[in-house]
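There is one chain below, alone, in structure tokens, taken in the form predicted on its own.
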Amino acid sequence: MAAAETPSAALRRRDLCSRGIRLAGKMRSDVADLLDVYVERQGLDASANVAALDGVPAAAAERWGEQTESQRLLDNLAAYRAFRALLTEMLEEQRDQAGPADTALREALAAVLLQVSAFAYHLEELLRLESRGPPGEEGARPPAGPRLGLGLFERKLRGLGVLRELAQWAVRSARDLRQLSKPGPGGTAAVPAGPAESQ
């Protein structure tokens, strides 16, 4: 944020950060519940190993404590825009596999998708406190190419990986927003711990 931030803007930023931290905490809890439902309904092993996935933003960040406030917000916004597209895709796949027993899974996916969309909007509000505002959404949708040839089991594993990474982003987002709400120039004082630690 600008160094000459007014008191009203500072209060607005702290309020947005506080509400964002609560939203991230609720989202982390709901994604954990969704993971349980997803593993059960898809017949997966909860401890299944999923390799890094193309198009899925990683929550881990190098030199996290050195990031500027703008970098934190932009990284978060890009991630949640990508997750919005990924969850939309997962929900469409679940509807294609329509079955009465999968209603709970589809409803849980839809609820988390709404939270992700709301959180992305919340981040945009924080960026609007900067003069340039949030960036456009060009390239926000992950490339579809690598998934075209995936079989059913591979798509299930990919969904598991998406949800796991989203849970880690919820943890990172809460830490980012706590960092931004600290007093000081841009709230960028370094902290020792990394962003994607479990709670």
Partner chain sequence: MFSGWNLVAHGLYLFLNICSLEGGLVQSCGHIIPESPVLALGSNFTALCILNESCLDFGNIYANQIIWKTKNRLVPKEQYREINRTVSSVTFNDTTLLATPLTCNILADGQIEQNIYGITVTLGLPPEKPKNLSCIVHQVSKLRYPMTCTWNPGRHTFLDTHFRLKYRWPREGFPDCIPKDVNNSCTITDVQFFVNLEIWVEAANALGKAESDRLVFDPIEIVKPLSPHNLSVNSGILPTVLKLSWENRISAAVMKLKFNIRYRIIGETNWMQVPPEDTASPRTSFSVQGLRPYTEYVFSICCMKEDGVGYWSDWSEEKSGVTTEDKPSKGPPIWRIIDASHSPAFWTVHLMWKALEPLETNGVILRYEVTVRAKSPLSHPPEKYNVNTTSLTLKLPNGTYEVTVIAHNKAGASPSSVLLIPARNSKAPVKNIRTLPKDGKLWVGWTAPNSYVLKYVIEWCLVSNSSDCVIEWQNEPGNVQGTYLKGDIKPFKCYLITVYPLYADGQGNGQSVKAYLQQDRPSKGPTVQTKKVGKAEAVLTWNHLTVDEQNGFIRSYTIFYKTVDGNETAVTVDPSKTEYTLSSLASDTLYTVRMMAYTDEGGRSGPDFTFTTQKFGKGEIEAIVVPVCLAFLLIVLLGVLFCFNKRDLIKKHIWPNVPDPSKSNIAQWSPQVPAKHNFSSKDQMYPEGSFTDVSVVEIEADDKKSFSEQDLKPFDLLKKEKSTSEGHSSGIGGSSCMSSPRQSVSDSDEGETTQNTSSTVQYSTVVLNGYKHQTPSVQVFSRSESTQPLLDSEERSEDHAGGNDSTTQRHQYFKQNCGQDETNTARPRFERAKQITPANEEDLVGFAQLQISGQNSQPLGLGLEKNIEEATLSDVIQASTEGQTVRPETVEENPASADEMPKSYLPQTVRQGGYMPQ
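Keep in mind that what you see is a predicted model, and the values were worked out from it rather than measured. Numbering follows the first chain given and starts at 1.
There is another form of this protein, the form predicted in complex with the partner chain, and it is not shown here; the text below is about that form.
Between 30-38, 43-51, 160-168, 59-67, the stretch whose residues reach within 4.5 angstroms of the partner chain in the model of the complex through a non-hydrogen atom is 30-38. In summary, among the residues 78, 111, 129, 91, the only one with a non-hydrogen atom within 4.5 Å of the partner chain in the model of the complex is 111. The three residues 10, 14 and 182 each lack any heavy atom within 4.5 Å of the partner chain in the model of the complex. Although the partner is absent here, residue 26 sits close enough that one of its heavy atoms falls within 4.5 Å of the partner chain in the model of the complex. Mapping the unseen interface onto this chain, residue 74 falls outside it, with no heavy atom inside 4.5 Å of the partner chain in the model of the complex. Within this chain, residue 97 is remote from the site of the partner chain in the model of the complex, having no heavy atom within 4.5 Å. Among heavy atoms of residue 178, none comes within 4.5 Å of the partner chain in the model of the complex.
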